[in-house]
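Just the one chain here, the form predicted on its own, laid out as C-alpha cells.
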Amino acid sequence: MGRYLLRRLVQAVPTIFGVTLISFLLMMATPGDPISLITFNPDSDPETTMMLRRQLGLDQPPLMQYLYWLIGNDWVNIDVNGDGTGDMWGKRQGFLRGDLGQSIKYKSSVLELILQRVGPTLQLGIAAILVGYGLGIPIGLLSAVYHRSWIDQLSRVLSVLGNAVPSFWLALLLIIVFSVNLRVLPMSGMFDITKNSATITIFDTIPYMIMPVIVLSLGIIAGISRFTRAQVLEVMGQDYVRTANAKGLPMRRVRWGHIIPNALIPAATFLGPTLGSLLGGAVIIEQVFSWPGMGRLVIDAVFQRDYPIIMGSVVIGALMYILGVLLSDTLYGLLDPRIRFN
C-alpha cells in the first residue's frame, strides 16, 4: 500500500503542472486584464499604465508570465521604470518555492488570503458531505430492499429532482421561504456580525449553515442514493447471496452480513471526487448566501482579473481533487481485502 500511495503522489506532480499551465493560458486568453480595471479612466497617463503593466509582469508573453509564476522572478532584473535602471519591485519566489504571489486587489499574500477563506469552505463542504452520505445511503438501501414499492418510486423521483433542480434557484427559494416569509433562519453571512468575532464558535454558525448545507447536500444525496440502490440490486443477484438464501439464513442476516457490506464498498469511490469538487460547488452557493469562503474569493478574483488569486484557487482545487481521488483509492483497498496494489 505504501508503494502504491508513493507512486500515485509522484503521478500527481505532472497533473498539477498540466492543470496550472492550461488554466494559466486560458486565463490569459480571456478578454481584459487587471490594468484595464485599475486604470478605467480615459484621461489616464499611458506611461503610468505601461509602468504598472511592467510592475505586474503583464508586459511579458504568457509563457514567460507562467514561468515567473512557477519559479519566481527574483532571478531577472525587472526594468519597472523603462529606462534601463531596473527595480526590485514585485519580486517573488514562485509556486515551486511556496509563494503564490500577491493579490492585485487586496495587496496581500495570496496564500494568506486562501488560508483565511479555506476554513469556512471546508466547514460548509464537510457538513454537506456528512449530510449527503448520512441520508443518501439509507435512502438507497431502502429503495433497493423495497424494490418497486412506493418507497422505491419516491426515492427515484427525489433523486431525479435533486440532480435537475439548479442549486442557485433552490438557494433563492429557501431564502424567500425561510428567511423572508417565515423568518426562522438567517438570510446570509456566517455569524451574527453584532457579536464579538473573538467569541464566535462553530455552534454560532450552525443556523447560518442550514440552508447552504441543504443546497450543497441535495446533489450528493441524489447521486449516492441512486448509486447505492444500483449496487445493492446488483449484489442481491450474486451467487453467494442466492447460496445464503438457499441455506436458510434469515433475510436480515443476509442483508447486513452479505449484501450491504459488499454493496457499500464501491460507494467509497464517490467520497474522493465529492471532496475534490467542494470548491467548485461552493462558488455559487457562497455567493448567494454571502458565505465568506473560497467561493466568494474566486468570484471576486475573476471579476477583478486578479490573476494570482485565480491561480492560487486553481492549485488548491487541483490538490483537493487529487487528494480526494487518492483517498477513495485508499479506502477502496482498505475496505475490500481482495484488492492488492502491486
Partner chain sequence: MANVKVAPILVTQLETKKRSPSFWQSALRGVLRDRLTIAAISILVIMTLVCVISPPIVENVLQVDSERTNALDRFLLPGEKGHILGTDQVGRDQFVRLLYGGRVSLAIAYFGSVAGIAIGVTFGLIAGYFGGLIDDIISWFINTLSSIPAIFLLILAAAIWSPSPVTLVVLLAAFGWITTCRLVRAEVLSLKERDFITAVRAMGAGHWHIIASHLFPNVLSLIIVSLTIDAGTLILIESGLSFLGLGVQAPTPSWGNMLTDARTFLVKGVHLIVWPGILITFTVLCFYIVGDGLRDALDPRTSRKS
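It should be emphasised that the depicted structure is a prediction, and the values quoted were computed from it without experimental measurement. In this text, rigid core is short for the largest set of C-alphas that superpose within 1.5 Å between two forms. Positions refer to the first chain, counted from 1.
The same protein also exists as the form predicted together with the partner chain; that form is not shown, yet it is the one meant from here on.
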Quick one: of T49, Q287, Q55, Q60, which gets a non-hydrogen atom within 4.5 angstroms of the partner chain in the predicted bound form?
-> Q287
Counting non-hydrogen atoms within 4.5 angstroms of the partner chain in the predicted bound form, say which of N262, N245, S188, Q93 makes the cut.
-> S188
With the partner removed from view, which of 101-109, 142-150, 246-254, 206-214 is the stretch that lies within 4.5 Å of the partner chain in the predicted bound form, judged by heavy atom distances?
-> 142-150
Spell it out for me: taking the partner chain in the predicted bound form, does every residue among T15, A29 and R305 have a heavy atom no farther than 4.5 Å from it?
-> yes
Taking the shortest heavy atom distance, is W169 within 4.5 Å of the partner chain in the predicted bound form?
-> yes
Can you check whether L326 is within 4.5 Å of the partner chain in the predicted bound form, heavy atom basis?
-> no
Mark L331 yes when one of its heavy atoms lies within 4.5 Å of a heavy atom of the partner chain in the predicted bound form, and no otherwise.
-> no
Look up in the predicted bound form whether V165 has a non-hydrogen atom within 4.5 angstroms of the partner chain, and give yes or no.
-> yes
Could you check whether the CA atom of W291 moves 2 Å or more between the shown form and the other one, using the rigid core for the fit?
-> no
